[in-house]
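Here we start with a single chain on its own, the form predicted on its own, put down as structure tokens.
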């Protein structure tokens, strides 16, 4: 049985699924990801921090929407390990 790995944000800030407003999202639900792939950004005081996949698998679901405010340690997505 495949294990689920929850992706947490290490810092508070604004969540973004795209590198820029005119760009495509980093990853869509159902897409395969590899360890180290950027899946989102968190912006704090005009500084952007990459959120990376910590395991290989399929990004099953995001728990937050684009531009949501996040708290440190908040769950943002789940990856089903492959």
Partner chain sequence: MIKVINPGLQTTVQDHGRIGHYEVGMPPSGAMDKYSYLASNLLVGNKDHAAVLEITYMGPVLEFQQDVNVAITGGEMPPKINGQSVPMWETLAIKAGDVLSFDFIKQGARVYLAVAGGIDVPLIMESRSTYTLCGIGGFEGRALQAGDELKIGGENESEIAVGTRISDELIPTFSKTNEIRVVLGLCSYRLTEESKERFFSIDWTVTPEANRVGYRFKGERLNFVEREQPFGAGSNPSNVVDLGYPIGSIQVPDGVEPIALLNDAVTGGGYATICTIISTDLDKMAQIKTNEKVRFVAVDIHEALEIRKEYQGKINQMKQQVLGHKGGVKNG
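Positions refer to the first chain, counted from 1. These numbers were taken from a predicted model, which means no experiment stands behind them.
Note that the form predicted together with its partner chain isn't included here; everything after this is about it.
Here is the short version: of 25, 11, 64, 60, the single residue with a heavy atom within 4.5 Å of its partner chain in the model of the complex is 11. At a distance threshold of 4.5 angstroms between non-hydrogen atoms, residue 47 is in contact with its partner chain in the model of the complex.
Residue 20 falls outside the set of residues with a heavy atom inside 4.5 Å of its partner chain in the model of the complex. Put simply, residue 56 is far from its partner chain in the model of the complex: not one heavy atom of it is within 4.5 Å.
Taking the partner from the other structure, its partner chain in the model of the complex has no heavy atom within 4.5 Å of any heavy atom of residue 37. Applying a 4.5 Å heavy atom cutoff to its partner chain in the model of the complex picks out 69, 70, 71, 72 from 64-81, in order along the sequence.
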